[in-house]
Every structure is written in C-alpha cells, then in structure tokens.
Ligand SMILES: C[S@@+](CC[C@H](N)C(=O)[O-])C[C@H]1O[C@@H](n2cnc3c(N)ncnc32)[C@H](O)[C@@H]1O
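For reference, the chain that follows is the form predicted alone, supplied as structure tokens.
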C-alpha cells in the first residue's frame, strides 16, 4: 500500500514522491481539474466529437454523441480514426466536427498558433473546442524532446482569440499554490484535503482551460 504523503514530509527532499505525476499513488491532480472543466461543459459533447489519442472523455461525458473520432499523429495507434498533425492544419479534415476535446496536448506542439488554427479548422460553424493546457508540470520523461511549452491565461486567450475571433473564447485557470507544489512533488489528489483542491488562485494555476466556439457562418 502506498504511504500517504504530506507537504511537510517533503522537507529536505530533492526527488518527487512519484515519477508519474502521482498516477501510481492515485489520481493526478491535473486530472481532477481537467474533469471538473469537462463536466461543467458536458453539453458540448454532441454530434460528431473528436478527441486526441483515445475517446475516454467522450465516452465518459458524452450524451448526444453521434460519432466519436480519435486523432493521432502516430499511425501505430490502433484506435486512431484520423491521422493528422495539429502543427499542420491542412492535414486535418475541415468543418467536420461539432466538438473537439483537446486535453493536455498543446505543450507538445512546437507551433501552438498552428494548433489553434487546426482546432478552428476541424470544427463546424457553431462547433465547440474544449481545451486544457499545463501551467505547471514536470517535463515528460517519455518524450522530453517534444515537451515544449507551459501556458498562462493570457497566452491562451491571445492564442485562441487569434484563431476563433474576439468574443468567441472563454479562458480560466484551475489550481492554487499548494496544489501546484504538490503536483510537482508527484503527490496525488488523494494526498490532499478536499479544501485544497476546491480553491482556485489564478496566480498559481495548475492547468489553463479554454472553451472556444467557431462562429456560425
């Protein structure tokens, strides 16, 4: 059984409690916030929905989904129904989806402006993008050469407003200083008090969440 961790026990440590963002201890802290955001906007999961790598959130939150597609740049993914690169918008179908779920992916795209344009491109008029991006996290040990960016509310607002237009984008942050520190230390959500997770402080975000709507023609 995994021993519980407290921030006080981190004194003197130079290594985290987990090398897997707390996943081997319980629920990663960023996942708690991602799921809060998606639950709050589950009405967007409708029609034809696109998700990256797998369809876990479409299956979990979708109610009026007609078709669930999976996007991946890796042809080795047997579940992928669309092979394409978010860094190359022209590689993706145009105006094909009612909802695009893009969680914790932007940091791997060297050209995030291209990714924002790709997200706009794949949506039908009136379609909704639900995106999250890390504000703080460890470098991905599996693919450190691809892990390029961390984001803020300001950067995400500017990034997606350029693609979707002013007034089409809502941006907010989730997390606070304690949760950000705990996340970097590899602690899980179960290591924290519920009250720690309930507070959002935009000065110390763990993730940034974006809801953007492609304008109707």
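Residue numbers count along the first chain shown, from 1. Because the structure is predicted, anything quoted here is derived from the model rather than measured.
Keep in mind the form predicted together with the named molecule is missing from the figure; the text below concerns it.
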Exercise. Look at the candidate spot formed by 152, 201 and 207 and say whether the named molecule comes within 4.5 Å of a heavy atom in all three of them in the predicted complex.
Key: no
Practice problem: Could you work out which of 128, 117, 73, 136 is the residue within 4.5 angstroms of the named molecule in the predicted complex, going by heavy atoms? | Solution: 73
Self-check item: Interface residue in the predicted complex among 168, 36, 56, 27, criterion: non-hydrogen atom within 4.5 angstroms of the named molecule
Solution: 56
Quiz item: in the predicted complex, which of 61-69, 185-193, 171-179, 47-55 comes within 4.5 Å of the named molecule (heavy atoms)?
Solution: 47-55
Quiz item: Can any non-hydrogen atom of residue 89 be found within 4.5 angstroms of the named molecule in the predicted complex?
Solution: no
Quiz item: Looking at the partner-bound form in the predicted complex, is residue 84 within 4.5 Å of the named molecule by any heavy atom?
Solution: yes
Quiz item: Hey, in the predicted complex, does residue 96 get a heavy atom within 4.5 angstroms of the named molecule?
Solution: no
Quiz item: Using a 4.5 Å cut-off on heavy atoms, which residues of 107-121 contact the named molecule in the predicted complex?
Solution: 108, 109
